[in-house]
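Here you'll find one protein chain in two forms, each presented separately as structure tokens under the names structure 1 and structure 2.
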Structure 1
């Protein structure tokens, strides 16, 4: 059984190396192992479909639709204009606006890919035109996009909560402070970088422009109030809140006169494509999880980690190292689905809070979106700008320093994540 399991791992690795989609790379070898182990094909397929049969996961396509519609309805443009009107006279204004608009858009998106695809097309050319090096503009835009999958409504958080059977609302609340710390870390890097650049232009503050931009941003600003306010107050479940947010996007689209049949169909089509990819990973990971359970992988991993040390601090350091490596090689959704059933029981036995563990895992895996060879955000940024991936990564590399520093900070001080959920009574 162990030999066959190693063969499954090797085949999966080879398929990923030749860039076979993650869901198919997991599903094929897992089906082969299940059938070789005597599992009926019907039971294997049932296990795969059971991985999708979860009401909390219904929030995923709805949150994706919210982010896609926010992009296509011009809501991201309104947030960008407001940030620019507020910060125009600050040296390095476009860099701070980049982070500020990423924070604003994150309350609606939940996806780094949607953030960099939507905002990147607007921000990077404007920054380059204003005198910022392409490497800095692309690196900052790619890095700031990671705020979206950390700040609620985070799609990875929904998947983790469903996998770990913890409160999605509590995980959302725990993610808020770390997301702002990520933004602060990027702003600190911007401050240091711009201090040596006296050539960057500023724009005088224009009260009329600011008031006009602020009025235009009222609608988008109400989205997180409705969405997160409903979840954290207990008025909505995350799935219900996502549905309400979709309806609110439609209302904003009608109000701004940017919604039409073509935009709606494009939004639904894009959402279906993204959701289909995630659903394939969810189903395949459920079958792979069954294999790992039958092979007693959880027990073996627990014995290895506890033989190294029974300290929660050492355990979290080891987990971070493991996840940083995995995040560079495999899609984050797949890692959450496969590793949470293995690592979370060990964490809880050592006294690690599952909500805190989830926040650390999500931040860690999102850094993987910026690291090759997988690095999905790198490829999207390359596609948006028309520049080679290696050139984009050279711009991203310096920003990994503040992001990893934030990961270390959150790992070292769990209360940074757990303070807000405790305050809200989760």
Structure 2
């Protein structure tokens, strides 16, 4: 049985290598294994189908739609302008603005892809014009986009919560402090880097521009207030909040007069296309997960991992290493769906909190978005700037130091994640 599963893994790897779409590369060999295992014909597709039938997953297309509309309706631009007006005098201001607007945008967007696609196109050319090397501008933009999927709302968090059957709200709350620590880590790196760059231009603080930008950012700034306020007051649940966020984007679009039928239709098309690509992987990963469950792989891995050590610290180090390797090779969503059923029962047996485990896992896998060969953020950055992927990665590489440092910090101090949910009574 195990031998056959290894073969499934090898065939999946071969299919991925020759550029078969990830979802189909998962589905084909899994289907073959299921038939060989004696399941009914239709089992593979039915499992994929059922895997998509989960209410919390509905937040995925809705939060993608929010990010897409924020870009198309000029709402992301307003946040950028506000940050720039506020930090004009600071040396390296555009770099801090980059992080600041990523934090602002992260309250609306649940995925790094929407963030880097929207902000990257605008910010990287501006930074290059202001004298920053391309590698630094691209590396920073790619890295700061990772704040989006960590800060709530977060699509990976929604997927983790559904897979691990933990409270989405608790996981959201646990992600807030780590997201700010990520931003702080990037700012620290910028501070060190700009200390040696006296040539970077600054603009004097312009009070009128600041006031104008601040007024312009009031609408976008209300988004997190409405979402978190609505969730905490019991008006709607985190999944439902995604639909309220879409509604609010529509309202802002009408208010700013940037909404028209063409923009709306193109937003729907873009979202449908992105969702279709991601969701097929979600469904296929559900099939892979059920196959692993039926073969009791989680039990076998658990026996192996506990035979190595029964210390939660050693376990978390092993998990981080395994995930960093997997994150370089496989899409983050697929990893969550396939590994959570295997790793989480072991984690809880060792007394590791499932919420904290989720936060560590998400940060870890988001770092994987920056590493080749499978690094969606790298590819998008390359595609919006028209520069080769390896140039982008050369820019990203130094930023892996602060990001991994943050990961180590959160892993070593669970309270950084668990403090806020505890405070909120989750």
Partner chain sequence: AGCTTQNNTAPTAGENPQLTIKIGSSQPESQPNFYCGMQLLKERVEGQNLNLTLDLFPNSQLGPDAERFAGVQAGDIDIDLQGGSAMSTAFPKIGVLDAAYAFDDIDHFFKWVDSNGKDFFTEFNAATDTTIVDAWYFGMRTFTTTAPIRKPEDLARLKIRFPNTPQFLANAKALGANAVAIALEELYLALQQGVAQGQENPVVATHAQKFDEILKVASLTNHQVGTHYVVVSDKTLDKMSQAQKDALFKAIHDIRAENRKCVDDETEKVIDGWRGDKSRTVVEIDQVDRAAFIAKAEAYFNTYYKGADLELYKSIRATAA
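Given the structure is predicted, the values throughout are model-derived calculations rather than measurements. The term rigid core refers to the maximal set of C-alpha atoms that superpose within 1.5 Å between the two forms. Positions refer to the first chain, counted from 1.
Working note: structure 1 is the copy from the form predicted on its own; the remaining copy is not. The Cα shift for residue 27 between the two structures, taken after rigid core superposition, is smaller than 2 angstroms. Once both forms are overlaid on the rigid core, the distance between the two CA positions of residue 42 between the two structures is 2 angstroms or more.
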